[in-house]
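The chain below stands alone and is given as structure tokens, in the form predicted alone.
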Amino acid sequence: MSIATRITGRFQRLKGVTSGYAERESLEGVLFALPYLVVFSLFLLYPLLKGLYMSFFDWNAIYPSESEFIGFGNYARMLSDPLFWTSVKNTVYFVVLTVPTLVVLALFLALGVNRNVKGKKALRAVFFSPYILTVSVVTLIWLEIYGAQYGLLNYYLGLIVANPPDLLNSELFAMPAIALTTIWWTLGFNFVILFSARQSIPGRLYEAAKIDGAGSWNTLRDITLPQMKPALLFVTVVQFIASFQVFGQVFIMTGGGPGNSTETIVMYLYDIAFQSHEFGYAATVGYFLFVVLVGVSLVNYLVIGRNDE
């Protein structure tokens, strides 16, 4: 056997071993991801496609085979439905009230607790502890605070003004009251994320800035905020998505009232699905919400990708 023949044989055996290893690795990768793919298909992909399918029907939940195909009828109805646009307006109002406050206040607290202040470990626990409560517990606490006759807030307001308003029965104050409850409840999540981002900034950057004579404002503007930008973007988008899906607080505290002043998109979807039993139309509203949230996620991806570059 010639040397060339032996080299060719060894190369073929090595190629066979490499190919077998790659195939085994690919198979292990598929098996590793298989449980997730099954759960994803059953509980996300299938409902997503089924909802899209239902949105083109006057859906009969009891006898689906008797559902009537109406094409884009539900979409046309949605665009001309004044109550739907009221729910959109209320949801946007809630987002405006909560998202900037939750991001700015969490940033302020994260930077403050990061400094050498007494009891900062206790402060971290205090700021985060409301987040571990369930929505029912949070709303029951704040229903007691907002109570018109015996509520804690109205007691102190009564010391200042003669007739304090019944906040949750006021079209003017109901949504801000729900927003305040949400801010108190969810601030801890944003605080933890931003505090971790602040802790991860290398100390040598601040030492170099100090040597260069940079002041507190310049350090914040040129080092702290740019280094925390990915975390700030993440918190902003996650908070936007969560606020756009607000439901539990509204459902328990006001039920969408008074006068539809707190009727949000998810609350409206719930009403038309489980009160009016119009599941096809509810699927259409759900898809509107889905498109909005996908758009926000896409913006987040593009902005963070640009930031990484």
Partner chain sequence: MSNRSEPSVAGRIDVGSIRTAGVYVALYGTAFLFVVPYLWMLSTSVKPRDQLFSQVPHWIPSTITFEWYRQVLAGSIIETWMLNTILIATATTVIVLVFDSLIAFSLTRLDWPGKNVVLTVIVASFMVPAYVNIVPLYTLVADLGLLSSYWGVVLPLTAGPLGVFLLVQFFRDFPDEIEEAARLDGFSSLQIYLRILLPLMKSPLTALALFTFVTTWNQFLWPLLVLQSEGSYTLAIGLVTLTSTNVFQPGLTMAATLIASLPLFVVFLLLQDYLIDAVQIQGTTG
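Every value quoted in this text rests on a predicted model; they were computed, and no experiment measured them. Positions refer to the first chain, counted from 1.
A second form of this protein, the form predicted together with the partner chain, is not displayed here; the remarks below concern that form.
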- Sole residue of F128, Y93, Y206, F173 within 4.5 Å of the partner chain in the predicted bound form, by heavy atom: F128
- Query: Among L167, V103, V88, I193, which has at least one heavy atom within 4.5 Å of the partner chain in the predicted bound form?
  - Reply: I193
- Message: So in the predicted bound form, is the partner chain close enough to S26 to count as touching (4.5 Å, heavy atoms)?
- Response: yes
- Query: For Y150, is any heavy atom within 4.5 Å of the partner chain in the predicted bound form, or not?
  - Reply: yes
- Query: Does any heavy atom of F72 come within 4.5 Å of a heavy atom of the partner chain in the predicted bound form?
  - Reply: no
- Message: Would you classify R221 as touching the partner chain in the predicted bound form, given a 4.5 Å non-hydrogen atom cut-off?
- Response: no
- Query: Pick from 221-229, 141-149, 80-88, 93-101: which stretch has a heavy atom within 4.5 Å of the partner chain in the predicted bound form?
  - Reply: 141-149
- May I ask whether P47, G51 and I252 each come within 4.5 Å of the partner chain in the predicted bound form, counting any non-hydrogen atom? yes
- Sequence-ordered list of residues in 101-118 near the partner chain in the predicted bound form, where near means a heavy atom within 4.5 Å: L109, G112, V113, R115, N116, V117, K118
